[in-house]
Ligand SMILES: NC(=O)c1ccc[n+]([C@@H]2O[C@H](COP(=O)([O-])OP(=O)(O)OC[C@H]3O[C@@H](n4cnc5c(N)ncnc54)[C@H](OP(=O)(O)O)[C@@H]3O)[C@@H](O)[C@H]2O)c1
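In structure tokens, the next block holds one chain alone, the form predicted on its own.
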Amino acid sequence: MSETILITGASGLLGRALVARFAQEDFQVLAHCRLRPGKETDNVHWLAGDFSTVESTADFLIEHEKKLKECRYLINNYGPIILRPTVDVTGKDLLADFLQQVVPVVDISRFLIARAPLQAVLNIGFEYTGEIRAYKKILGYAMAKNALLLLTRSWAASYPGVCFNLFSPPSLEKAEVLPKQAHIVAPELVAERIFRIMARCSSGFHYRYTDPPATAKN
């Protein structure tokens, strides 16, 4: 019997690569999207949902509860980036960033911990998770993503029966926002790394992506 995984934000660059990688291994993939569902197959099922408010996230969980109760794995990949000059950031802006980046992770994870045979959770951070640095346009996003680091560490200690990971991906090819001097990597390579992390079923904090070693030539 194949195992079930929920991947949020599955219609984005990394999300699509993750869906393809886990489907390749015969997982039953529950692929969350807000607007752009992909192709439905025997083992890929698209679930529409709006995570912009606490209420709409709760509606998603209630509507799809029957399918979600089968989940053994969860990848929290949802989290849109809203660019704002740091000097213009208000408390309302920070609240909006936390609502987008942190609240769905908390509510979805807690729902599955309580109702599903959950084994492993992987939260997606961002390239500089854990670093103290200045941000010119993504301060709220960076603060929220760094909150996921604290959340992941705390849950790993509080729920010993579930493996919690935080992965900080590099910049992805064809991404809309690419920082200067970014380490740009194909989404498929990042998805492969995440698949291997999840397959180990152990907790960890993966701050940096490194390219796989080159295969030796005979």
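Heads up: residue numbers just count along the shown sequence, starting at 1. What you see is a predicted model; the values in this text were computed from it and never measured.
The same protein has a further form, the form predicted together with the named molecule, not shown here; the description that follows concerns it.
Asker: Any chance all of 140, 146 and 204 sit within 4.5 Å of the named molecule in the predicted bound form, going by non-hydrogen atoms?
Answerer: Spot residues vs the named molecule: no contact at all.
Asker: So which of 188, 26, 50, 65 reaches within 4.5 angstroms of the named molecule in the predicted bound form, heavy atom to heavy atom?
Answerer: Checked against the cut-off, the match is 50.
Asker: Based on heavy atom distances of at most 4.5 Å to the named molecule in the predicted bound form, which listed stretch, 70-78, 88-96, 132-140, 111-119, is the contact stretch?
Answerer: Contact-bearing stretch, as computed: 70-78.
Asker: Indicate whether residue 35 is a 4.5 Å heavy atom neighbour of the named molecule in the predicted bound form.
Answerer: Result yes; residue 35 sits at the interface with the named molecule in the predicted bound form.
Asker: Is there a heavy atom of residue 171 lying 4.5 Å or less from a heavy atom of the named molecule in the predicted bound form?
Answerer: Residue 171: yes, in contact with the named molecule in the predicted bound form.
Asker: Is the gap between residue 10 and the named molecule in the predicted bound form 4.5 Å or less for some heavy atom pair?
Answerer: So residue 10 counts as contacting the named molecule.
Asker: Is residue 14 close to the named molecule in the predicted bound form, meaning a heavy atom pair under 4.5 Å apart or at it?
Answerer: Yes - in the predicted bound form, heavy atoms of residue 14 and the named molecule come within 4.5 Å of each other.
Asker: For the heavy atom contacts within 4.5 Å of the named molecule in the predicted bound form, list the residues of 103-130 involved, in sequence order.
Answerer: Residues within 4.5 Å: 124, 125, 126, 127.
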